[in-house]
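To begin, one chain is listed below as structure tokens, in the form predicted on its own.
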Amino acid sequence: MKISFPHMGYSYIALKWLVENLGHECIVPPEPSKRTLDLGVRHAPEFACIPYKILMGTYLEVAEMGAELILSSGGRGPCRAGYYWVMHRYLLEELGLDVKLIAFEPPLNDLKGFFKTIHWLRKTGGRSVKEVLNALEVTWEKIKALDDLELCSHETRPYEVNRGDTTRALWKGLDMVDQANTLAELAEARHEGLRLLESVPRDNSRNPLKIGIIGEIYVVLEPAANHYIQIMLGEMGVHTDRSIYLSAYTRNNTIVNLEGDIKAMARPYLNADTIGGHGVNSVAETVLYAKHGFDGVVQLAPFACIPEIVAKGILPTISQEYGIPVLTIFIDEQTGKAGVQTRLEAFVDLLQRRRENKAKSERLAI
């Protein structure tokens, strides 16, 4: 069976390996492009958010490429994203496309349904239970390795001497993880990828600004949706820290929920049970970034995303109480790279002047 799935960051590398090792042919989804978005906009409700439109466009593209089955995900809570797969399936049927779409609901919500889908994929792929367990283990380790390499790249980039060296080292590391087929090979690929990143020529005398990245999971994790904002900031000499990585998100939604402290951080400002999505996280993580001495925070949000709109309404209070500037960037099909870059450059200039003024005040106070 020819199987595909949504494109979200570098996770396609791990998911491709999983599909192939469950005995199926993988149709790797292309990175979202202008064509992807145009297709999604054409067939989506006007006020649907950009993740909905990009996923719709992606599903149409992989259907053109011959996909027979698309694996997506459901969700928990009041955020409408958990129901998008149902709407996507109806649209694919209305368009007369011969492709099936099914969703994995979070095991914490529907453990029986989760394993039922895995069993069906195993059976149709002709794999034993042992082979499936091994495939899941290697896939999980691939996801963690991909996150480790990306995290290391964002820590390295603001110090690089030659612009682009870090990104080129990252691409090589990702390719090595892609080629690994066993846990031993994967461990070696991760080690070598991190070595490549650590060998990038650095200027450790720099004292980069530190900016936290918060917001809705898809526009935070998919670089094509946010115009590669972390690479953009890194090449401006800014150290960025992202609040969401797929390995942590997967762990919290499939194994055990580790977000108790996050909800506690948000509770003085927002009842954690009132909104879905990552609105609660955006509020709590802004507090955490402030407490950890970050210079600023960038909130990435799909246009019309209710949880992030609620969070945005609260962030000015946190910004004032903790003295941390927050820049919100709403993303839709009209958002261009040049506009994002201009706003980031202005924000970085503001943070730099703010740091200099603070240092000057401290010197005068001595």
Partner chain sequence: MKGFLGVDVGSVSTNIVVVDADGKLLVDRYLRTSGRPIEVVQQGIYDIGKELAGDVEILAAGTTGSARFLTSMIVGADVVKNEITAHAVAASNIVPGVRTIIEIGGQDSKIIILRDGVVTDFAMNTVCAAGTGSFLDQQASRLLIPIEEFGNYALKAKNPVRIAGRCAVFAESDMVHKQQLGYNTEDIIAGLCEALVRNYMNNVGKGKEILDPIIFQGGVAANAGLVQAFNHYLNTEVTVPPYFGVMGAIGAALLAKDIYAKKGSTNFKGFNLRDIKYVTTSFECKGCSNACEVVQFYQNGELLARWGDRCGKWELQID
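Residue numbers count along the first chain shown, from 1. What you are looking at is a predicted structure, and each value in this text was computed from that prediction instead of being measured.
Another form, the form predicted together with the partner chain, is not on view; read the next lines as being about it.
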| item | value |
| --- | --- |
| Proximity of H24 to the partner chain in the predicted bound form, heavy atoms at 4.5 Å | no |
| Interface membership of Y245, the partner chain in the predicted bound form, 4.5 Å heavy atom rule | no |
| Contact of G126 with the partner chain in the predicted bound form (heavy atom, 4.5 Å) | no |
| Non-hydrogen atom contact N134 with the partner chain in the predicted bound form at 4.5 angstroms | no |
| Residue stretch of 45-53, 333-341, 293-301, 61-69 approaching the partner chain in the predicted bound form, non-hydrogen atom distance within 4.5 Å | 333-341 |
| One residue of W140, F114, W171, Y159 in contact with the partner chain, assessed in the predicted bound form (non-hydrogen atom, 4.5 angstroms) | W171 |
| Those residues of 4-43 which, in the predicted bound form, come within 4.5 Å of the partner chain by heavy atom | E31 |
